[in-house]
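First comes one chain, alone, set out as structure tokens in the form predicted on its own.
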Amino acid sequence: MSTGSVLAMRSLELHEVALPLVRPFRTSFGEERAKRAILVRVDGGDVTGWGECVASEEPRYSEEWLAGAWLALLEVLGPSLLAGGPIRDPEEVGRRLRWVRGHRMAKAALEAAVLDGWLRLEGRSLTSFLGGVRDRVPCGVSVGIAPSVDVLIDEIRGYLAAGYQRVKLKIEPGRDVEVVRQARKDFPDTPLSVDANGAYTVADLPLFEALDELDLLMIEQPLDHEDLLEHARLQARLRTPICLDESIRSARDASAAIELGACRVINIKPGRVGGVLEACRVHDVCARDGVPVWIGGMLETGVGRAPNLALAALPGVAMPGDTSASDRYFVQDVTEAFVLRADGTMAVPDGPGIGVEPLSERLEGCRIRSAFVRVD
């Protein structure tokens, strides 16, 4: 991948930010009222690069969590990356950090920042570097668990009026089949899916059989993230495709899940798999095996949303992802806002690097703390 550009690695800055959400976002494992994230800035001499660590405040979605990611970046990953000197090839990030097991979301933030800076030196956009084939991508929306069915239906109606092309409903035990049945009744022609975030077991087969009758695009992560064999057994009983999210942490996981028949669709999140480059490898495995993919989201700020859009432009991405507009989540993003067009698409950034960067006054307004990593 190297074309001669060399990114100096002078220092790293870490900025923890908190952006209030326009409405609480509830899933089967908890509720978020604000998006807290770690923004990473690489000082590359002539250029800077930005990345976002999407780890949540608590280790519910995965074993990673924000405070732990902060320490990992500050004390282990950041110094290890800087100690290797200048970067001539973005793949070098993974090689330098390979000795550290796990911490994929923190590693993904460093890789994104390096990619951003390195591509700015090259004068190339991330989407062209990855091989994107679209300048606009179709967008879907993820709808959290609402306090009532009426509230949920009103929320869906608003998103459809805005132009979103696909609606994903979060579900949990006690708020599942009847809620989804009502949504299907009110929106019979809307592409609709559900996401359980691993809240069920194989003992819930009757529930999944009921969902199977509702003409859904997919049932996302119905069982525990480690239960590939149980997912395969469940998929064999359903017409509706199972989509795996938390279970897929690498291209090797994707290959194993496909071979076992554990899913028919895969959700790709760069933070979950360790970075944009590994996300591309997951995409390639799925394209090889004819499995459709889409790009998921973690309530990212604009710094994390930009790479997601670049990934959504890849040729094998067959479904609208969770690449919603900034105003779906925030009154004011930390970058210039990402805007949904009336046709339900969003522009893929085409400027150098990831194509966006935090606006200084907005960063200052939402920053909780900062730290610096240097190697003498």
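These numbers were taken from a predicted model, which means no experiment stands behind them. The numbering used is simple: start at 1 and walk along the sequence shown.
Not on display, but discussed next: the form predicted in complex with ligand SMG.
Item to complete: May I ask you to check whether residue 170 falls inside a 4.5 Å heavy atom distance of ligand SMG in the model of the complex?
Response: Contact with ligand SMG, yes.
Worksheet item: Does residue 107 reach ligand SMG in the model of the complex if we count a contact as any heavy atom within 4.5 Å?
Response: Residue-level check for residue 107: no, no contact with ligand SMG.
Worksheet item: Counting only non-hydrogen atoms and a 4.5 angstroms cut-off, does residue 77 reach ligand SMG in the model of the complex?
Response: Answer no; every heavy atom of residue 77 is more than 4.5 Å from ligand SMG in the model of the complex.
Discussion item. Can you work out whether residue 111 and ligand SMG are in contact in the model of the complex, taking contact to mean some heavy atom pair no more than 4.5 Å apart?
Written reply: Residue 111 lies outside the contact set for ligand SMG.
Worksheet item: So which of 327, 336, 350, 32 gets a non-hydrogen atom within 4.5 Å of ligand SMG in the model of the complex?
Response: Selected option: 32.
Practice prompt. Identify, from the list 125, 235, 193, 197, the residue with a heavy atom within 4.5 Å of ligand SMG in the model of the complex.
Written response: Answer to the contact question: 197.
Worksheet item: Of 154-162, 262-270, 69-77, 172-180, which is the one stretch near ligand SMG in the model of the complex, taking non-hydrogen atoms within 4.5 angstroms as near?
Response: Within 4.5 Å of the partner lies stretch 262-270.
Discussion item. Pick out the residues of 211-226 whose heavy atoms come within 4.5 Å of ligand SMG in the model of the complex.
Written reply: Contacting residue: only 220.
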